[in-house]
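Before any questions on binding or motion, here is one chain by itself as structure tokens, the form predicted on its own.
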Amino acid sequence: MRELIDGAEAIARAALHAGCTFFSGYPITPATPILLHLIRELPKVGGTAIQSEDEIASMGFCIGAAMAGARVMTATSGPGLSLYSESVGLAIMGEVPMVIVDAQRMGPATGGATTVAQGDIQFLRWGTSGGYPVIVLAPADVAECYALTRRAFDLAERFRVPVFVATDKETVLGKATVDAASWDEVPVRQRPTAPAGGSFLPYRADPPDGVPLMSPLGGVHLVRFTTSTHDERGRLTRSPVEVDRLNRRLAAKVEDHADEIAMVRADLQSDADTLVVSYGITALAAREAIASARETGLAVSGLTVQSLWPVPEGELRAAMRGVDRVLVPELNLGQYRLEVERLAPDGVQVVGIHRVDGELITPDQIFDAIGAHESPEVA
């Protein structure tokens, strides 16, 4: 069945189908429609949706609900994400499985509330103290909003981390006709929980990159939850051995599984001398530009990055093998281009195509850069 829907409804529907039972958010353009959809739909399936008094409360409600056994999601935009920051750190330290949707808009500060942008890319990775890794997925269209939201819930359960869905104003609010019956129904695993009998250590994880089993707060086990560095019992500690073990594990459980998390859409040609690396809304323009360039006889490869963090380094390196230039279109001043430059082989030119005027990058801009003999940075 084909229907006309927007990214907000696709995200909300994916959350419901992924088993989300709790949502809390504060109204903010352009994320508000996600809140409105779930306030209407979650109670129909026995779930709870709360419009909280502010963004800080939204995160607090979600963290508490997740630790009590719920599957949770929240949604905001850049200014709200700033207020989420401290609680994101708490979710990392407490190993809280949750999904956070960031519907990006122009910044800084309140910026352009109804203006498209991709300016939160580095902030999503580095926006809380300590520098510990997170997982960030980036859908490019309505269908991917559905699939990647489901994937986000699965990864949250797998690694006990906050997982971000980095979308944008155009994708969330823009409507598209899609065949919902053909959407990718990504499986979402059940939350592994500790057996009721026997002793339980809430942060016991044997491998260096291990993920502890959960037991809901208020259930059969004593569970301590703290914002501070702790031992396996959840007790505060200053033991160098225990502190080192915890901090290395919090990083390793994500970084050592980057290949498991990696998601890209590769469209490569063996004789291409130009590669276009894109993500999110700009990937749609990139795909059209690549198709047009090929019609004129140019050999061009494309790579759409769906998992921005951790960076899919193996896939990026493989795609850049044998090319002379890499074009990176994005609605910021070159945030993900930095990661591509870091991985590019010697002699490969990395060129940014950027807009920060509130307008989308067009296929013609990318097409012109593909065809240029010299590729100056496009402003």
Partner chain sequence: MSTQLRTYLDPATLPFPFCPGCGHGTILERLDQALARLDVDPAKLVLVSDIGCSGLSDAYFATHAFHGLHGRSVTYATGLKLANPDLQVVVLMGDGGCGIGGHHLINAARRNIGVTVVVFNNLNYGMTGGEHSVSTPPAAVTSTTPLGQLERPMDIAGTVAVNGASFVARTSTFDTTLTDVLVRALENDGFSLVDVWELCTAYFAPANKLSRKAMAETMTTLGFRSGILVDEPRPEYAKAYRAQHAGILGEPALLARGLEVRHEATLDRRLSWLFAGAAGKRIGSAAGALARGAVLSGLWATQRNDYPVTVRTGYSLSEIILSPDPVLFTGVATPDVVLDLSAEGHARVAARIAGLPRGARVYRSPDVPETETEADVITLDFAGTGWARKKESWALMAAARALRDTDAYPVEALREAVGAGGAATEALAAVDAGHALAEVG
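Residue numbers count along the first chain shown, from 1. Because the structure is a prediction, the values reported are computed rather than measured.
Below, we refer to the form predicted together with its partner chain, which is not included among the displayed structures.
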Checklist entry - Can we say G210, V326 and R342 each have a non-hydrogen atom within 4.5 Å of its partner chain in the predicted complex? => result no
Checklist outcome for this item: Of 237 to 245, 74 to 82, 285 to 293, 118 to 126, the segment with heavy atoms within 4.5 Å of its partner chain in the predicted complex is residues 285 to 293
Checklist entry - Is L360 one of the residues lying within 4.5 Å of its partner chain in the predicted complex, judged by heavy atom distances? => result yes
Checklist entry - Is the gap between G334 and its partner chain in the predicted complex 4.5 Å or less for some heavy atom pair? => result no
Next on the checklist: I'd like to know whether A318 contacts its partner chain in the predicted complex, with contact meaning heavy atoms within 4.5 angstroms.
Outcome noted: no
Item to check | Contact flag, M263 vs its partner chain in the predicted complex, heavy atom cut 4.5 Å | outcome: no
Item to check | Contacting member of L268, L173, L201, A258, with respect to its partner chain in the predicted complex [4.5 Å, heavy atom] | outcome: L173
Next on the checklist: Going through 49 to 73, which residues have a heavy atom within 4.5 Å of its partner chain in the predicted complex? Please give them in sequence order.
Outcome noted: A49, I50, Q51, S52, E53, D54, I56, A57, G60, F61, I63, G64, A65, M67, A68, A70
Checklist entry - Hey, the CA atoms of D184 and L16 end up closer or farther in the predicted complex than in the shown form, with the change being 3 Å or more? => result closer
Item to check | Inter-Cα distance between T282 and D184 in the predicted complex, nearer or further [3 Å or more] | outcome: farther
